[in-house]
Every structure is written in C-alpha cells, then in structure tokens.
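Next up: just one chain, as structure tokens, the form predicted alone.
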Amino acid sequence: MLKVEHVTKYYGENKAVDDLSFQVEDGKIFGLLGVNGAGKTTTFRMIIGLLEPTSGKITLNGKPIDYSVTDTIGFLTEERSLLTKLTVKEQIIYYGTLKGMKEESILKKLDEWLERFHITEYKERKIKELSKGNQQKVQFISAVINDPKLLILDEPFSGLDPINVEMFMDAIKDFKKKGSSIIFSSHRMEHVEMFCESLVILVKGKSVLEGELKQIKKDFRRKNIHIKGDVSIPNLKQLKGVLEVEENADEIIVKISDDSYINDVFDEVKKGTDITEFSVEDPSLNEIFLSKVGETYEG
C-alpha cells in the first residue's frame, strides 16, 4: 500500500503541493487529477523518490521510498522519455537493467509484451522509426518490464487509437488483478471513470475533492435527465432547479441541481408528445471536475 501523508512541497516560496494526503491499496486503481500546473508531476516525483517533500511523508508498504524499494516501482511519464537512437531491444534492456533485472529475464519479458502488443517485428528497430502509438507501447513496456508493485501512469493512452487503448486497458487491469497499486492520471475523464475506484482532484497543489468515485457522484447531487420526444424547451428552462437544458440531435438533456426536482421536470414532460425516453443519470466525472475546478478558480 502506498501512503501519502500530509505532504507539502515548496519550490522557494512557491507552494507546489499543499498538505496532500491519500492512500492507494494493493489491487486498487487511484485517480490523481488536475489541470496543468496543479501539482501532479511534483507529487509523482516525490512518490518515486526524485524529490524530497518539504514536510510530510510517503511510504510504500510501511517503508520510506528510497533505492531499496524503487526497483518495485514503474512510472510511465506524460512526456516521452525514450532514447530514440536505440533499438526497442536496447531500450528495454537499458531500463530493465536500471531496475536490477538480468538480461535473460528482460528479454523473456520483452518478447511477451511485444507479442501481446502485436509489435514483435519492431524488436530490432530504432525508436525514432516507430509511429507515436508504437513508441507509446514501448514506453509502457519500459515502465512495466519489472512487474512493478506500484505503477504510476501519467496520460498512458497518449497517441493511441481506440483499439490500442483497449489493449492498454486490459494490461492495466491485469496488473490490478495481480495486486499492484496503480495511480492513474489523465485529462480524459471518461478513461478515469472506467478505471478508478477513488480519486483526488488537485487545484494549485491542494485537494479540492477526494474520495470514492461512487460517493463523490452521490454527494454531488446534480442529475441529468435524458428526454426523447417533443417537449417545450422554454418551459423546461423556466422550471425551478433547472440549471441548463441541452438540445442534442436526438435527445434533450435537462441538468438539475438535485433529485428533488425530478418530478417537476416529469410533470412538464408529460405535456409533450411522442415521449419515448425519460431517464435520470448521475453527472459525468467531467462535469464534476469542471465544476470543482471552476469553483476554486472563481473563489
């Protein structure tokens, strides 16, 4: 289990991370979210031991993170960090060796991953000769070649098409099944919703929202009502509790401040014709993220 306890980090007088606490249990996927400059990268660097917290502590399975445990960590950075003049084989041997692995073990694992990602023919190719998507596959392999107990994934799907995103998802789920602690960060909230049981949203280094995703959605209270049929848009907009009415090609989405207004919307919709759908859903994580981040910047 990874524990981050009351961690603060200053760069000079600038506070990059402000009293941050969270934990990631074995076999769980945790979301660390925020806009650019929110403190995510600084947090990642403290977790892997590249930076020392100004105050607070970070432990993995009860031990401070130092060179005795870093070999059990994998980190896929948002920035591509491949040595482009090396071949895929040379690149992975280099990273595997840094993690204390023997070459024979590295090559065995590499062949397994190349086959899984359908890029066996690129083993002896130079990194610079690969497409962005295939470079991202190699970068992922470099992060997991040591079968990490803690895996940090910062924008892992960058440059991937939907088929390869699905391939990565399956691989990440396999690490979860094996009991790895996983930190997942992405600006694509739909990806976060697919994976993360719990999360923290950072703004200017400080947590503005944290907890289990299901509870966060429940506590947010806002609801989205999906309607198909001929109804009066102006009348819906005038109803108490209605925040917004969105007209799409095949449906109308009424956003309400909480579920106590559902019946009022339903009564209005009943006046319409050809109603084929009236369904109530929780807001998306993207809506919650934009709301919480926006509240903080406005405040």
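Quick note: we count residues from 1 along the sequence shown, nothing fancier. Being a predicted model, the structure only gives us computed values, none of them experimental.
What comes next is about the form predicted in complex with ligand ATP, which is not displayed.
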remark   = ligand ATP in the predicted bound form has a heavy atom of only one listed residue within 4.5 Å, and of V265, I47, V245, A38 that residue is A38
Answer option from H187, K123, R116, K176, heavy atom within 4.5 Å of ligand ATP in the predicted bound form = H187
query = Where does ligand ATP sit in the predicted bound form: which of 39-47, 236-244, 269-277, 54-62, heavy atoms within 4.5 Å?
reply = 39-47
ask   = Counting only non-hydrogen atoms and a 4.5 angstroms cut-off, does E197 reach ligand ATP in the predicted bound form?
value = no
ask   = Does ligand ATP get within 4.5 angstroms of any non-hydrogen atom of A16 in the predicted bound form?
value = yes
inquiry  = Under a 4.5 Å heavy atom criterion, is E78 part of the interface with ligand ATP in the predicted bound form?
reply    = yes
